[in-house]
Each structure stands twice: as structure tokens, then as C-alpha cells.
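To begin, one chain is listed below as C-alpha cells, in the form predicted on its own.
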Amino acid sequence: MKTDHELIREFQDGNNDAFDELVKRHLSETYGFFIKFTSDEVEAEDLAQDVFIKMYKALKKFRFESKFKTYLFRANINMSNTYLRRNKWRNLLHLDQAPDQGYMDTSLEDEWRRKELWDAISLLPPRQRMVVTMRISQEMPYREISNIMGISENSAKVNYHHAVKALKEKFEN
């Protein structure tokens, strides 16, 4: 089985089948990331598709300075931030819809909490942001995070600890 970097090189040399193989290899993880992020299958499919469309264009210039999986997670994070900005106003426009008597709709409040959390995560230093995103959205063990990012397992734990501490301080204020 070819490595991601070998497939990217083939794709850069004009082999579109190599890109198709990358998509097959990483689509379920990307879709899973967005499912946890949005809790909406259709939105998750659209976001995953958008990420791979961007990857199709960006991989022509890929410099092999990081692992593809790390590059893909960065793209997922960027797409998540775009999604949050794009949907901020859509969520506000539904405020005038009154829920049925006796039914308390907390979906908007939950969406705002999720947005507030992801906005705060997006402000973390890059390494902390990557570790937290992989732990929260993908529920990855530290060992796998360390392999993807090329850091020690202990470094992944420390980055996660510092990120959580910073997030707690932000939400306490």
C-alpha cells in the first residue's frame, strides 16, 4: 500500500486516481470530524466535500513539510471556522420562531455554546489547537495525535493540558 506522500507525488505528476485513493483513505475521518462538529449529516457531507475540493487544488503545491493527515486536519479546522462564521447569521434569523407550548427548544443555545467553544479553540496557539481538535472531534488517543503531528506523546498531553487550562480561564471570565 502506498503512503500518502507517494500518492500526493503521483497526483502532482498528473495521476488523478492517486487523489481518489487519498479521498477514499481519509473521507470517513473527515466526515466523522464534521458530524461531531455539526451534528448534521447533510452539513457534514457538504463540509467534507468542500475540504476535498480545496485539497484537490492545494495538493498541487504541497511541499511535504508535514504529514498529509496534519495538513488535512488543518484544512478541517479552517473549514469549521468558515462554517461557524457563515452560519452565525442564519442561526440569529430563527430567533423569532416561537417553540410550542411546553416544549423548550435548546438547539440554538447548544449551537451558540458549540460555536463559542470552537471560536475559543480557534484562538489557541496552532499546536494546542490541533491537539484539542483531534482529542475532541476525533476522540484520538495521545499516541495517535503524537504520530500525526510528529511530536512526543508527552508533548501532546502537555499541549492539551495547556489548551484546556486556557479555555477554562477564558470561560471563567
Partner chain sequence: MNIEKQFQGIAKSQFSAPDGDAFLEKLHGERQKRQQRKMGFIHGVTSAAIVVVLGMITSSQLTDDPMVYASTDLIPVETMDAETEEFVYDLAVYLVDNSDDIWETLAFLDEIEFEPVVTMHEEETE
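Because the structure is a prediction, the values reported are computed rather than measured. If you superpose the two forms and keep the largest set of C-alpha atoms that fall within 1.5 Å, you have the rigid core. Positions refer to the first chain, counted from 1.
From this point on, the text means the form predicted together with its partner chain, which you will not see here.
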4.5 Å heavy atom contact, Q49 and its partner chain in the model of the complex: yes
For K69, is any heavy atom within 4.5 Å of its partner chain in the model of the complex, or not? no
Although the partner isn't part of this model, could you tell me whether I53 comes within 4.5 Å of its partner chain in the model of the complex, counting any heavy atom of the residue? yes
Heavy atoms within 4.5 Å of its partner chain in the model of the complex: does R127 have any? no
Run the contact test on G32, K57 and L117 with a 4.5 Å heavy atom cut-off to its partner chain in the model of the complex and return yes or no. yes
So which bits of 2 to 37 sit within 4.5 Å of its partner chain in the model of the complex, heavy atoms only? F19, D20, V23, K24, L27, S28, Y31, G32, I35, K36
H26 C-alpha moves between the shown form and the other one by 2 Å or more, core aligned: no
Note yes or no: does the Cα of R9 move by 2 Å or more between the shown form and the other one after the core is superposed? no
Comparison of CA distance in the model of the complex with shown form for L124, D40, at least 3 Å: closer
Could you tell me whether Q128 and K69 have their C-alpha atoms closer or farther apart in the model of the complex than in the shown form, knowing the shift is 3 angstroms or more? farther
